[in-house]
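Only one chain is included here, represented as C-alpha cells and corresponding to the form predicted alone.
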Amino acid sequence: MQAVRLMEWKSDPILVEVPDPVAGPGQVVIRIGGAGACHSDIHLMHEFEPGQLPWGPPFTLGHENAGWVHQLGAGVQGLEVGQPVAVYGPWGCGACPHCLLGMENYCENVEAAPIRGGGGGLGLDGGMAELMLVPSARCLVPLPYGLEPVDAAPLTDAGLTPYHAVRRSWAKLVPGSTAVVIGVGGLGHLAVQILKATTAARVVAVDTRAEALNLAANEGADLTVEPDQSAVATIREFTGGRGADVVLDFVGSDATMALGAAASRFLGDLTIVGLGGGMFPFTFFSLPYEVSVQTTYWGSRTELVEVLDLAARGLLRPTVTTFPLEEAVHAYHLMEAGSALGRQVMVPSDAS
C-alpha cells in the first residue's frame, strides 16, 4: 500500500510503498477515510534532532484519523468489519488511573504504552496511508450516524484538543463572560464553534490573517482583532475594561502569550495550546491577580465521543480541504506558508 512517511528528521515526508499491516491479538486494522495534517507534524519534520525524543523516524505520518474497520485481531469484541470509526490518538498503557478514566493523553505509565510518549503518526505508523494498525479496540470510537470519516478525522485532534481546553473552563464561561481565541487555524476555528455551541460567552478571535478573521466571524465570533499594538486595549474596551475570563492561545509564541496575559481578567484562565515555543516571564505583577496559566494536551476518549456527537448534530463543522496522499507534502507547504484555512485532510484514492 501507499504511505506518507517521515524517513529522517529535518526532511519532508515521501510517498512510498509499504506492506499492508496485519492485526494481531487485540489489534484492529482500519481502512483510512481521512487523515488530518497538523502543525505539530511540521515541528516534527524540521525542528527535532536525533535523540531529542524517545522515538524517531521512519514512521508514517497522520495522528488525526478516521475510517472503517478492515480487519479484527483475535479476541476483539464490540466492532464489526466495515463499521465507521475514529481513532483516539493518545495511546497510553490502558491500565494506570488516568487511562482507566479514558485520559490516555495523560498516561502516567508511558513505559507500558505502545510507544513511549507517542502513538500513531508520532513514532508509530499513522493514518496517511491506505490502512492503519491500531493497537487496541479501546483506541477506536464508533462514528455517530451521518458523520463521515473525512469530516471526523480532523475532529480527533483539531476538535478534541480545543474542546478539552474549553471544557475545563466551562465554569468561567457563563453569561456575561468573554473568551479570546488567539490563532484561528485548524484548532482555533473549531474552538470558536465549540465556545458558541457549549457556552454563553462572547467570543473574540485574534489572528494576523484577514481570511482567518473572516472565517472566525462566519463561525460566530462576536469580535475579530488583529494582534497589533491596540489589540489588548480593543479587547479590554469590548469587555468593559475587565479583560477576558478565558484566553485560549493556539499559537504559543512569546508575543501571543504576552497578549493573552495582558488581556486576561482577574481570576481568569490562560491556556496555552499552541507549540510556538514561546516563554512568558512570571512575576507577581506579570499577570492579573489569580489568573491560572496551564498547558493542555489532546483530550479524553469521553470528550472525543462528545465532540463527535456535536459534529453529527451539525454544531461543529470543520472547514476541510482534501488532498490525495501524493499531494501531502504540498498540503504541508501550504500550512507552513500560512495560506491554508481550516484543516487539510489526506484521502487515499480508494476511500469511499
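This structure is a prediction, so every number in the text was calculated from the model and none was measured. Sequential numbering from 1, following the sequence displayed.
Keep in mind the form predicted in complex with a small molecule is missing from the figure; the text below concerns it.
Residues with any non-hydrogen atom within 4.5 angstroms of the small molecule in the model of the complex fall in just one of 284-292, 316-324, 302-310, 39-47: 39-47.
Of the heavy atoms in Asp207, some are within 4.5 Å of the small molecule in the model of the complex. Taking non-hydrogen atoms only, Val273 approaches the small molecule to within 4.5 angstroms in the model of the complex.
None of the heavy atoms of Gly260 is located within 4.5 Å of the small molecule in the model of the complex. Mapping the unseen interface onto this chain, Thr256 counts among the residues with a heavy atom inside 4.5 Å of the small molecule in the model of the complex. Checking Gly123, Gly185, Gly92, Pro135 against the small molecule in the model of the complex, a heavy atom within 4.5 Å turns up for just one residue: Gly185.
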